[in-house]
Structures are given as structure tokens and as C-alpha cells.
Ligand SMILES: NC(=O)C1=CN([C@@H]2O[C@H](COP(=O)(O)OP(=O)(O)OC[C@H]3O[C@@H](n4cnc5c(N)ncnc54)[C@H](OP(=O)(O)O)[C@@H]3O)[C@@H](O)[C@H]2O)C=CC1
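Only one chain is given next, in C-alpha cells, and it is the form predicted on its own.
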């Protein structure tokens, strides 16, 4: 259906850290780009929502309205109906990490509603969901972008897509894909100096807000496995799920089942010797240990875990919580194309989402 108004409606699911940063970037974008007019028409947290019959919510006051709203969020099929009935095209911005929302992507896309999101679950879950999402988008002509599902605002996915779409052959992808793991290993096994005890560094990372509330959710390696699943699929490997390849967990077996993150941190010092041995073995060879993910396209192998690197290697020299992703391709030869920078944080993650939104606007407006 041809749209009569030069207006795009935006529905925002999730108003947490990334959601708040995104709304402030959306306000700036709407002011800077008057056409098409960007209208916020729906916003929800897990408990509340704001939506009106006239599809209009002030972006500036959206969070206050949400806080005082007495409306429940619409069910996902109801939201799809609401957006499909809007006077012109609609885009869903999913700032959650919800599997339920991810499972509804094919429904939204099939109704002509585009999606931008940092939600990793949609693209790293079952391979069937992956296929359903892109089939629905292609069939209905709706768009789906997920730059921030890997490396926050770093242009990782767009770069990989450009390499593949222009006919380059990606041979290998390797890097540090977790801001948390980057921070931990840069302080536990620095290139200069001796670094701290493993358990102390994990505790510090949690206090500084780098880890999930339960640090085991970072240390099990699954977050990195999800990101590798996404990149491997984009590179052409039909990876079934993030648990279908070797992923090294850094959680001592005995602590996998303790009841809480706090109890885990309390008992972790008893297992420091394991990580100390790993660090010492690397030092003996003049190397440092890092938690990396790699995809070897030729041998179709994907893996996540600890590896040793020369101190001069770009992966060894990372600072803070930066990510680094190296693309080895036919065109780039033996020197990879490297993307490096902040791989976590609300503002940079939201920037990836906003930049995807701009791409969708250029295609549907």
C-alpha cells in the first residue's frame, strides 16, 4: 500500500539502559531530520506501556509517561495488529534481550513492519528462526538490521556483510567479542606487570558494572558464542545454535550449581590456582592468555575459549573493555581488516541501533 503521509511510526520495546540512550538519540535524530517525520507511537517496559489511538507520543516525555502509565504492554500479536493498522509504515525497535520478542520477528516482518535491534537471541537462536526472519523480510519487503547484536556500535556486521556482498571470500574471523572478558583478561594478565588474582579481578569487574549481575552469565562463554553464531551464519556457515560448537566455560565445575552470583564470588578464590597455572604457562612462552572466539570458514569450525598470544599481537594489546575483531579475507591477504573499540555501554550500543534505524529509513521512506 502506498503511504500517503511522509511519516514513519516507531515502536520501542524495552526502556532500560540501551532503551533510554536510544530515546535520547531518537529525539536528536527527529529534530535534525524533519522528513520523514519520525513519530513515536508505542513504548513499553516489561510491566507498562504507552500507546494512543492517534499513534502519537512526545519523544521528550516518553519515559515520564511510561513511568506513570497504568496500561499493560500489548501482547506481541496485538502490537503487530496495532502497527499494521498505522496510517503509514512502522518500525519496531527491540531493545530487549527477550526470546519471546525475538520469536515474534517473523510475524512483524510478514506484516510489513521493519525491525532494528541489539537483541542477540533472534539471530543466534535456532537456525530455523534465523531462516524464518530473513524469509519473512524478503517476502514482505520489510527490513531487519541488528548491528548492535555484535560489538555494540562497532561496524562489525555491516563490514562483514559488505565483504560477503561484494564477493570477497572470508577465510577466518577472530577476536575478543566480550567487553567483560576483555576487561578481565587485560587486568588479570596484562602485557606489562603481573596482574591481579583471578577471583579479585572478577569481583572488581562486577563492582564496576562490567559483568552481568551473576558473573557466571559472562564466564560461561555463551555471550561470545551467540555473537560468533551470528557472524558465522553471515559468513555462510549454517551453525545450528551457540551450543553446537566447543565453548570453554571459565566456571569451575564445582561452582556451576551454587545458588547465587554472590555465593559464586565468595567461593571463587578457592579455584584461583587453575587460572594462575594457565597464566604462568603462557608467561613461560613470553605470551599472554586471552578469551577469544574464532571462525575458520574453510574447515567450518567455530570455537570459543582461552588462547595464548604474543605480547605484540593486536589481541594482546587491547585496553580496558575494548573489543577487537579481525577479518581475514582473500582481498585483504595476510593482514586482516581489523575493527577495534568500545564493545559495550549504553550509548555506543544505542548508536548502532540508531544507525540501523537511519539505514531502514533510507530504504522505506
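The term rigid core refers to the most C-alpha atoms you can superpose between the two forms while keeping them within 1.5 Å. Everything quoted here is computed from the prediction, not taken from an experiment. Residue numbers count along the first chain shown, from 1.
As for the form predicted in complex with this ligand, it is not shown, yet the points below apply to it.
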Handout entry: Residue stretch of 204-212, 265-273, 240-248, 289-297 approaching this ligand in the model of the complex, non-hydrogen atom distance within 4.5 Å
Key = 204-212
Exercise for the section: Decide whether residue 47 counts as a contact residue for this ligand in the model of the complex under a heavy atom distance cut-off of 4.5 Å. Expected result: yes
Problem - Contact label in the model of the complex: residue 191 to this ligand, heavy atom within 4.5 Å - result: no
Exercise for the section: Determine whether any heavy atom of residue 15 comes within 4.5 Å of a heavy atom of this ligand in the model of the complex, and answer yes or no. Expected result: yes
Handout entry: Contact test in the model of the complex: residue 101 vs this ligand, heavy atoms, 4.5 Å
Key = yes
Handout entry: All of 7, 39 and 56 within 4.5 Å of this ligand in the model of the complex, heavy atom check
Key = no
Problem - Members of 126-154 lying within 4.5 angstroms of this ligand, judged by heavy atom, in the model of the complex - result: 148, 152
Problem - Core fit, then residue 217 C-alpha moves 2 Å or more between the shown form and the other one - result: yes
